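To begin, one chain is listed below as structure tokens, in the form predicted on its own.
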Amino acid sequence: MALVDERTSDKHQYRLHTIKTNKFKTISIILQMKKQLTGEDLTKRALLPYVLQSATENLTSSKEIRARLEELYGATLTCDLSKKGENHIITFRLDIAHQRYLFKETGIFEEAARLLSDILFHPKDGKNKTFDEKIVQKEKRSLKQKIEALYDDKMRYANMRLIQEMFENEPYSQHVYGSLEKVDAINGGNLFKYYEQALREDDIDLYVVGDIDPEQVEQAADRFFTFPSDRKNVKRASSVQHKKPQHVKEKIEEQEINQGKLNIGFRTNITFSNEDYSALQVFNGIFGGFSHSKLFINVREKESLAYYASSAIESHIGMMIVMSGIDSNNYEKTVSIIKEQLDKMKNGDFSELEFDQTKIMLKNSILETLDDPRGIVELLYHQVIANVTFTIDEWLQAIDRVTRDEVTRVANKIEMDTIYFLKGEGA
């Protein structure tokens, strides 16, 4: 029996994914809207889901929407933004209790689908081709606060600055929130115009996860999710052009901080759809992905150079980031040891224990992700982004088949691109 029972229907205007499982007492409805990153409308796009979830034609305030969620037995509605490769993703999530655990027949799934449909297709003032200006102004203030907060969280700031430097003049350099400078120019009218464009042009996937009747879900989807008839044929996946770094870029900034943030960006030249992706996952696990990794053991534990030291891969852009928090006077030595650990990987200098333990932890990590409806969708949505299809079982088997030689070969594809260091003033 497959770990995940996913059925996909092409509804012509979007894709419907039903994942039937009895693991949860809830049903999750998750809508993903994907668009290629462009600077022109990114800030409007960052504002849009928060304006949409604030009011509808019939529920004209956040208070009324919260009351409706309470009527749906404490349903929860959230939205967020993310970036996968050169794509900007808007996500709406609506979690409801399963009918089985309620005291009476409620038709709660259809009511929840109707609510999400109203939020998406029937916004307040939508008949006038605008959004409620008070809501727009309120959410603009909130967006500004989020953007400004990036400067106060130094780990996130260092991560953002590394990406800006490494992907300079590339779409991936942009932050999911857009830019502070473009917030003021947004109003209810021009945001609504962008909203209509997004409904026509975004690549849309609707996931329903839980102990569901797929046919009932299909009928509800047909009833409540009707997108504009003039929707364009969207491009499902973009190919990433792997750039060769001509030299290692180094950028050092100073701020009033106590602990330096050393982030290093590498080009892996491997993305999710590449046959070497599983080997890259194993490489990253040994190099810096887990607590037994070379970075954690050698940079943090043996040399006591860093408060934290780890690595992570971005699956759709071909990037790996090494992140560490260090005293400023340890900069040169830390960079040297990180390079040394990468060289060891390139020379196949890792133990059988590191290799086997990493595979086990990788597979456990995937299996743990399946314990959450959002995690299931997150794993499956990678395939939409990369325009590939395989089962979770096949993913786990691919990790099992990775050989030491493949990990070494992957290591030799990895190139250091940019070093970004945020240090204390005068340090």
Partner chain sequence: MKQITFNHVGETVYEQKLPNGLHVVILPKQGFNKTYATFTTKYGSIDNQFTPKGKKEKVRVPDGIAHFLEHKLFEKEDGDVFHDFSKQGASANAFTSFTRTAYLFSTTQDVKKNLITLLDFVQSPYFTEQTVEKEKGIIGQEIRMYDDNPDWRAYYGVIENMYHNHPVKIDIAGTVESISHITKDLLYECYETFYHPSNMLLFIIGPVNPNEIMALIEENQANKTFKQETELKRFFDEEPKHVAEKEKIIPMHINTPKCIVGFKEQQVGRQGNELLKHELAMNVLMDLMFGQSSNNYETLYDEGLIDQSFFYDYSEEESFGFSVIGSNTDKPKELAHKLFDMVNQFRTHPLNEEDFLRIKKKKIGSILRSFNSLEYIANEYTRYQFNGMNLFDTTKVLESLTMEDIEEVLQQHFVEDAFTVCQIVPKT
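Positions refer to the first chain, counted from 1. All of these numbers come straight from a predicted model, not from anything done at the bench.
The following text describes the form predicted in complex with its partner chain, which does not appear among the structures shown.
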Worksheet item: What is the one choice in Q36, Q383, T26, T391 with a heavy atom within 4.5 Å of its partner chain in the predicted complex?
Response: T26
Practice prompt. Only one of K244, K232, K127, R141 comes within 4.5 Å of its partner chain in the predicted complex by heavy atoms, so just point that one out.
Written response: R141
Worksheet item: Which one, 304-312, 337-345, 161-169, 245-253, holds residues whose non-hydrogen atoms are within 4.5 Å of its partner chain in the predicted complex?
Response: 304-312
Discussion item. Let me test this: is every residue among E71, Q145 and D327 within 4.5 Å of its partner chain in the predicted complex, going by heavy atom positions?
Written reply: yes
Worksheet entry | Touches its partner chain in the predicted complex: L370 (any heavy atom, 4.5 Å) | yes
Worksheet item: At the 4.5 Å heavy atom threshold, is A185 in contact with its partner chain in the predicted complex?
Response: no
Worksheet item: How about R300: is it within 4.5 Å of its partner chain in the predicted complex, going by heavy atoms?
Response: yes
Fill in: Close approach of M361 to its partner chain in the predicted complex, 4.5 Å, heavy atom
yes
Worksheet item: Which residues within 259-285 place at least one heavy atom within 4.5 Å of its partner chain in the predicted complex?
Response: Q259, K261
